[in-house]
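Listed next as structure tokens is one chain, alone, in the form predicted alone.
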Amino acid sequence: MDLEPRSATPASSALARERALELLSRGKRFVLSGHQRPDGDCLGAQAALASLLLDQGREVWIYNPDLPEKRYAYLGEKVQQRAFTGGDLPLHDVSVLLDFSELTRTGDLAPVLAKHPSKKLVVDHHIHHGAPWWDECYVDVTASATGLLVRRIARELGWKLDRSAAQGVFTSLVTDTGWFKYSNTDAETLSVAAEMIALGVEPSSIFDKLYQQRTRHHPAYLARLLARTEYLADGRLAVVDQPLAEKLDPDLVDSDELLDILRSVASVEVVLYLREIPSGACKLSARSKTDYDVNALARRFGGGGHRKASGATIPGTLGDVRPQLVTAALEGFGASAPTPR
């Protein structure tokens, strides 16, 4: 596949959506892929689209760079959500990339997808910077979740959702809106959620699977992380770092749990969670509850996402990365960098 920038119809145009729908309707064999450490929106959207395609008589495989967390196991009841472990992919004519638009976010899967002659379709709600590289796209950066776009696709193609597809869409909605408490929750989101419940989704069951299956050690691990919080810019910025040497609960990968607690502090406008990883880099999760643009901050370090929720993988040790990140974040408040700890 040629990854050189080329002209393309804007992602938000009606023509782009029509071409994407045509590709989905005439494709026969599909591989659905997501980003590294796939979250509930990514996995839910995959499960929903896979179910829809299966019901249309298509062949479908799901391959992600990493295995899903165990709590998402219920989403694999119709199509197994595999982790790519090397080799080649099944023969397919369409690759659908859900919940992201940068091929590098698929890790070791990227070169395999790139060289495969299949058509590439992006279904996403994130801001894309740079020239389009895909064949077709169905993108709306105002949508609350990628799963919402899958629901729109089904409606436009006249495909009916079964309970499995509805579970996927509902999971996408609740995980990307913080169970409808984030500012991206709108009337369409709540209307689609109600529709999914009418199709048989049980919200209490989904909530139990997602949020009430932690180990008894989990609260103590979370407390250790929270104890590392530093407040800067008169309490407007909260920073939590996790050194590689700090061994914590491996199930603590849903950073929103930590970030939500810190966002509940009245003075806090922005939360940064910086986690050192074995590859010699740091993972950033950034959240804002004001007009502060954490997407712009993440982009300075090679990341991206949304205005109020973004992330990045930043090369370097925690000792190197943290001061650079904090200095850049404080610039957004018009504040100066603190004295090194």
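These numbers were taken from a predicted model, which means no experiment stands behind them. Residues carry their position along the shown sequence, with the first being 1. We call the rigid core the largest set of C-alpha positions that still match within 1.5 Å between the two forms.
Here the subject shifts to the form predicted together with a further copy of the same chain, a form of this protein not shown in this document.
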query	finding
Of L121, L109, A193, V270, the one that lies within 4.5 Å of a further copy of the same chain in the model of the complex (heavy atoms)	A193
Answer option from E246, E156, E77, D208, heavy atom within 4.5 Å of a further copy of the same chain in the model of the complex	D208
Residue contact check: F170 to a further copy of the same chain in the model of the complex, 4.5 Å heavy atom	yes
a further copy of the same chain contact at R216 in the model of the complex, heavy atom, 4.5 Å	yes
Proximity of Q212 to a further copy of the same chain in the model of the complex, heavy atoms at 4.5 Å	yes
Contact of W133 with a further copy of the same chain in the model of the complex (heavy atom, 4.5 Å)	no
Answer range among 81-89, 144-152, 234-242, 111-119 for contact with a further copy of the same chain, defined in the model of the complex as heavy atoms within 4.5 Å	234-242
Triple contact flag Q56, L67 and R163 to a further copy of the same chain in the model of the complex, non-hydrogen atom at 4.5 angstroms	no
Residues of stretch 260-275 in contact with a further copy of the same chain in the model of the complex (4.5 Å, non-hydrogen atom)	I261, L262, R263, S264, V265, A266, S267
C-alpha of A110 moved at least 2 Å between the shown form and the other one on rigid core	no
Threshold 2 Å Cα movement between the shown form and the other one for L222, core superposed	yes
